[in-house]
Every structure is written in structure tokens, then in C-alpha cells.
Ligand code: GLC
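The chain that follows stands alone, in the form predicted on its own, written as C-alpha cells.
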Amino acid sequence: MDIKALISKMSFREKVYQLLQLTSDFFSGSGDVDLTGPIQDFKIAPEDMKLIGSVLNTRSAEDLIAIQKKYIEQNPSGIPLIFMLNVVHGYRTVYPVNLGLACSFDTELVFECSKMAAKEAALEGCSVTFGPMVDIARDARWGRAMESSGEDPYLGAKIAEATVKGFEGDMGKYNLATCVKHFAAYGAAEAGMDYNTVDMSERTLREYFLPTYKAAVDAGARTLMTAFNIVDGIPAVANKHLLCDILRGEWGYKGLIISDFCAAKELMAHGVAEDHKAAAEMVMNAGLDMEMMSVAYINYLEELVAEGRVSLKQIDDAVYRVLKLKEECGLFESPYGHLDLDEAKAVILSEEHRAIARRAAEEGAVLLENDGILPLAESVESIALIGPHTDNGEIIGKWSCMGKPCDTVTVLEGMKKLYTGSRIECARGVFAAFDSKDESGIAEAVKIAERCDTVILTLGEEPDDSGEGRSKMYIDLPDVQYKLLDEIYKVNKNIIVLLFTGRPLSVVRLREKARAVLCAWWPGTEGGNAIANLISGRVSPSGKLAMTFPYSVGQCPIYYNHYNSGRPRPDDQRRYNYKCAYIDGPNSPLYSFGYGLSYTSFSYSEVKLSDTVLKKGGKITASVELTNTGNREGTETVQLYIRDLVGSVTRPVKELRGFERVTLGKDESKVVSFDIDEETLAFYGQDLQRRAEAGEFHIFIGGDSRVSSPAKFTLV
């Protein structure tokens, strides 16, 4: 259709209302939203509801149908609403939270999960997902780490690309447009406190925090959401350098830019706008197209145009991007998108989709400790299943969209299904909330543990304690959970801990008494079946940490690709007063990036290089022979790290530059190779230009970021 011709016929009021997104409550009249409440506060007349551009988070497909039907009957230009939804880690069939999925290091699986979620959501009328969330997370105190792909820009970029391509595909019947969030550097909030200040150098921003957004944009993402935080003293929603210079200028991004919830209004709280009118001027001139849940545009753009502080062309361009997105989603041809409730019933929670979710939960789980108690034989006589997550459907986690706890396979259900010959007894023992002090269930749990062969403890966070607005000062388990562990340990030392969490935890005390620790994250709809398969050994754990587990919260933020400092610590076991070191604990984390155990073992040969000199414009190949030295088949994620020994600016001690998942049978070997060229070695120099610099490099290939024994080559 001719969008520009349509815009030329629209009234000014029609145009500015297309730049507003409201929650579905404003349309359905549910909750506290009515004409005497928030709508009146927003200064939206009832007759103007037929002009709104977009809807955020409908409650159901039926709700969506009712809203759209009423809207298209009234809109004067025949423009449909576009419905956007937080399809973050699944729609109704929920797979693990993004941090858990990232631990699979499996981009094909990420693609399949995204494709599955898009299909379910599209068939119930959704057009855009608020994802992928590609913020780099280096601080476990930040609750939204669970939505991220962890701390590494290389891994994060690969996952961002796979997610966008999985959701968007060819924008056919089963696809959704994506909305990349949150631009930019939201994960670097000071003290890990959500919405807090971000202050970093341009080099750090470009080197570590922008690559994931760039990968998503390059993959074809059609929309992008600004972050809540400030960057270099300027809120991201009004930051011209981010939105105009980098995003639209350097990257050539043509899609829609939308604010986060009320972010434009928050310019006043940030202290950069004195009122809503000033906020409207700032965000429009910075390049923001659509406001989410704030009304600066509809109330003040007309005045700003009359005063010459905003141009009509800017508004027309923003409206064009809104309408173009609606066209690309097929809404002008079919206002309900690809909604098909009959097909949706057949697809949602189908065995095919459950199988994908189950595989994701299996591959994302990370085995942190194991002294040989796992895998647990299916012939074991008795099992005590104890803990707050034993029979809990809430293990789907936060941001689970339309997922329902009643659809979840719990740990108890999964274990009973698999361990049919075992006596399984269960008890809650304690509650998971960080402030719980209730010990009343411990005595019963101890009695059960005493009469069973093996104890499986389901410990961790409360599902509602990780996610947006869930920052923490303490990231260890609550004392009441350790009291449960201590009391059970007195009567039964065969303890396996299943750790449910949305963030890395500082769980040093678990290693003292648990014989095995399996981090299941929030595993999703098929969590119980996946965990039973992992516990039994029907599936061998293969997950690798996408985010470092700190030894202590005092280390946060902590990440593997740090700089060396001028006074590096020579020995982590000794105290140093005049080194870059803590005097009361180690510098090293509890579990490093890339770490994860298996039920088999792998050996790596020395790294071989095709040449020790890399010439400009050329490439060399680094390879190792990987051998399964254990007694069963297993999957290892082979990781390539590089260190630039001398640069014009300080370089990190290691940087991930490649990975490959390899499945090998007992005694089987495979040569794994990685190509290295100038782009592999490039970084932002003193002039903030990206290039590789001549000099010596170290290559590391191994099973996690602690790998040593490098090969060496020179770039000339």
C-alpha cells in the first residue's frame, strides 16, 4: 500500500495518536483503568481511543479479538492496532529463561525455541514480541540477568542473531517481528540495581555492550526499545548519540524505535526535562518514534510544531515507521494478523513443542558439582524429594507470557514418571523466599531423608525474586535453606541439590555438603521431565555457564574477560596487601564463565596452528583433538579464547572468539578447528576505530574460560 499517501490524508491528531502504546486494560476497561482514572490522568478523551497506535500485553486471544474488532469499526482511516507482547522465553509452551537457554551454547536450539514461541503467539494474534533482550549482564545482583544471555558479547551476539531469525523468519504466517531491548547498556546498572545509572567509556560501550544490539539489528530486527538508564549523563530514551549517531547513522537502522514503560515521562525524574512538554521535545528530537505508556506526544507535539521546536516531517517519519511495521506484519490485509484459534489449539503445548522445551531445559542445565553420585540409577530403592520447588509448577519462571503453572511438569511428576520402581517421598521443608524464616517443616523433611537412600533437595530462589525490579544485595541462599541442608546432612549424606534460579548465586556452602549440584535455572514447562532425564543419566549434562558465579557478592560485578591491572595477583590462595586483590578472599569466582561438568570426561590435545604468522588479509587455523575419555557418550562445548599481549590500549586477559558443540561416543575423537583472521583480533584502539594491531597473540582452546597452555602466533 502507499503509506505516504495514507499519512497525507490523516489529521494531525490521528498521526500523534499512532505514536502511543497503551496496555490492553485501557481498551477492555478491566482493573482500575476507567474514564475517571488513568485515562483521565493521561488526558485521553474516550472518542480518541479509536486513534491509539498500539496495544501492550493483551490477556488472551479473545481479549485481542474484542479490542481489534471495536477499534477497526471506529478508526477513521481504517488503520488497525498492532499488538505487542512479552514473548520472552516461550508463549504458552515455556522454555528456560534466556540465561539458562544461553548456557546451552546451542544457537540452532535458540532458533528452534524462538520459532516455536513465534508460532504459538502468532496463531493467537500477536504481531510483535518484546525480545530478544540482548543486554550484557556482568552483575548477578541485577534481577534482569535472567532475561539476558550472560556476560559475553560474542556469545550474546550469536544468540541475538539466532533469536531474531527464529522469531521473524520470512515474516510469514508463523512469525513475529522482534523488538530488541534495551538500547543501550541497561545491564551495566551501577551496583546491579535495576533502572540505576550507567556510566562507562565510549570504548567499553562499543567493545562489550553494543555488539549484541548490532547483531540483532543486522539480523533484521524490525523494532528496538530504548533503555531506562542514562548513558554518559543522558537518558537513553533521549540520547541522540545512541539513537541518531550510532543506531540510525552508523548502523543504518530503518525500523521503529519505542520507549520502555513510561520512560519518556521519567526524563523529569532524571532531571533533564522540567515538564512533559520538554520531555516530548527531547525524545522526538532524539529519534523516538513511539511512547509506551506516557502521553507527552499526544499532549504537546502540536504545540512544539507550532513553536518550530519539532518539525512535521519528524512526526510524519515516525508515523511512517509505525504504519510500515503494521504493513510488514500483514495487518492492513488482515487486522487480526495470522490469528487461527483452531490451529492454535492443535499447536500450543503439542508434543512437538514440549519436546523442544524439554531439550532446551536439558541442554541449558549446568552440572556444577558431582562426586560420582550422579547419574542416579533408576533402580534406587528410595528417594527423598525435599524442598520448595519439589512439586511447584512455578518453575517456569518470570516473564513466562501465557505459560501456566498447571501445564508444568513438576520435579515430583518427572521423577515419578521415570523412577517407577522407587519409593519416592516428598516434603516442602522450607519456603524459597529470601526473607522466609519458617523452619516448621524441617523436622518432617529430616524424618523422610533418614529413611531414604538418596535425598534430592530442590533449593534456590523464589520465582518472583528474579526479573525486572528484583535486584538483590545478597545472592546466597536464605539461611533457612541452609538449615534444612544442615539438618538433613546429619542423617543422610547422599544429597543432590537442584538449584532453581534466574541469576548466578554465591553458594559456596553447598559444596561443603552436597555431593552434586545441578543448576536447572527456571527450566520451563517441561522442567520436571528434563530434570528426571538428567538425574537418571538418560541425558548427560552439557550446559556451560554463560555468566560467572561469584565466590562472594563482594566480587560483583565479576566477569572473565577483565583487564589484568598493573599489579595482578600472582596466587589466589595467598594474601597480598599491595596487589589487585582482596585481603579476605579470592579474586577467582566460584564457577567461571564456560564451566560445566558432564557424566563423561574429555581430553584436549595441545593447540596446533596452521602457521605462527598471520599476514594482513590472510587467515590461520587453530585446532585441537578432542577425545571422550569417559565411559559414555557426551557433548562438550569447545571454546576458543584469544589474548592480545600488547595493544595501543589495554586488552582483556581472555576473549571468547569461537565455540562448537561436539558430541562424541566413548573413546571417540574429533579434530575441532577454528579460523582466525584480522576481524577475529580486531578491537577499538586509541582513536576508537576498530582494527587489528600487529603483535603477538595467545590462543587458548578448552572446556571453559580457565583454560591455560596457549599456542602463540604473530600478526604482521
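No experiment lies behind these values; they were computed from the predicted model shown. In case it trips you up, residue 1 is the first one in the sequence shown, and so on.
What comes next is about the form predicted in complex with the ligand, which is not displayed.
Proximity to the ligand in the model of the complex, defined as a heavy atom within 4.5 Å, holds among Tyr253, Tyr208, Trp399, Tyr300 only for Trp399. A single residue from the set Ala432, Leu518, Met292, Ile383 has any heavy atom within 4.5 angstroms of the ligand in the model of the complex; that residue is Met292. Proximity to the ligand in the model of the complex holds for all of Leu56, Asp260 and Glu468, with the criterion being a heavy atom within 4.5 Å. In short, of 178-186, 106-114, 316-324, 599-607 it is 178-186 that has heavy atoms within 4.5 Å of the ligand in the model of the complex. The closest heavy atom approach of Tyr595 to the ligand in the model of the complex falls outside 4.5 Å. Taking the partner from the other structure, the ligand in the model of the complex has no heavy atom within 4.5 Å of any heavy atom of Arg503.
Using a 4.5 angstroms limit between non-hydrogen atoms, Arg144 touches the ligand in the model of the complex. Under a 4.5 angstroms non-hydrogen atom cutoff, the ligand in the model of the complex has Phe228 among its neighbouring residues. Within 4.5 angstroms of the ligand in the model of the complex, the stretch 105-138 places a non-hydrogen atom from Phe130 alone.
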